[in-house]
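So this first bit is one chain, no partners, the form predicted alone, shown in structure tokens.
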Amino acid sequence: MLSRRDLLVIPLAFATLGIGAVRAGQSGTDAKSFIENLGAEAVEALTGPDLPQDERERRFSAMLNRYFDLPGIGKFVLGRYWRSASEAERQDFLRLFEDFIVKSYAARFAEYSGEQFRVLGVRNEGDYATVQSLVIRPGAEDVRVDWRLRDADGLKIIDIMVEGVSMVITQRADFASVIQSRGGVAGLLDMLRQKTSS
């Protein structure tokens, strides 16, 4: 599964997005503004040690659905197994995948301690854009985080890359390994149920 470093850096990137951000209204900066808005909302809604965990998870789930293409990401990370899965397995997977992401990351927002974030630039590629950013951590190495977005009836995040490593590709490889070792998609669903219920 994803490394502990990834589990720490991704919520940190969310939480620092709105810090020191400069708003821009030109059409070429839509992707940048989208990411800045995500960060501002994350700081306001998800940080702080006094927020109950169930409420933090509820808010994080709402943000995931607003800012991320969860069905598209879920289909991608299931890979070739999406085609062989039954419709019931697909629906179970998408629900459990969201629960898995929420359980994996939501609690980390309580650890936010004022780290700084800087947008380095935006690279536009037709219907896609990559917002390049840097998380600045006092006393620790800075971390490069890039946000890949697709514009299909509105911008949605389709991948986060930490130091050049794609989170969706990493998750896809992890899930494929589980499917192969547990005898199919049903084995992955069982693993996700165990992870999200614990």
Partner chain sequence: MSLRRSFDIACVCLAAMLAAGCATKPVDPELQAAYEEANDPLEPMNRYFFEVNYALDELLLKPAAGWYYTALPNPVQDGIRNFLRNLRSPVILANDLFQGEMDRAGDTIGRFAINSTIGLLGLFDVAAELGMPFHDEDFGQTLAVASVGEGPYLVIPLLGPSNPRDLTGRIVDFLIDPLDYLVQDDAFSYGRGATEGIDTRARNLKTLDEIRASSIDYYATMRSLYRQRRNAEIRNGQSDSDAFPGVTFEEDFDFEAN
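Numbering follows the first chain given and starts at 1. Bear in mind that the values here come from a model prediction, so they are computed numbers and not experimental data.
As for the form predicted in complex with its partner chain, it is not shown, yet the points below apply to it.
Check all three, R59, R95 and G154, heavy atom within 4.5 Å of its partner chain in the predicted complex: Result no, not one residue of the spot touches its partner chain.
Counting only non-hydrogen atoms and a 4.5 angstroms cut-off, does K75 reach its partner chain in the predicted complex? So K75 counts as contacting its partner chain.
Is the gap between R118 and its partner chain in the predicted complex 4.5 Å or less for some heavy atom pair? Residue-level check for R118: no, no contact with its partner chain.
Contact of E44 with its partner chain in the predicted complex (heavy atom, 4.5 Å): The answer is no: E44 has no heavy atom within 4.5 Å of its partner chain.
Might E163 be said to contact its partner chain in the predicted complex, defining contact as any heavy atom within 4.5 Å? Although its partner chain is absent here, E163 would touch it in the predicted complex, with heavy atoms inside 4.5 Å.
So its partner chain isn't shown here. In the predicted complex, which residue out of L51, L64, A40, I169 has a non-hydrogen atom within 4.5 Å of it? When its partner chain is considered in the predicted complex, the option within 4.5 Å is I169.
Are there residues in 76-93 with a heavy atom within 4.5 Å of its partner chain in the predicted complex, and which are they, in order? Heavy-atom contacts within 4.5 Å come from F76, G79, R80, Y81, W82, R83, S84, R90.
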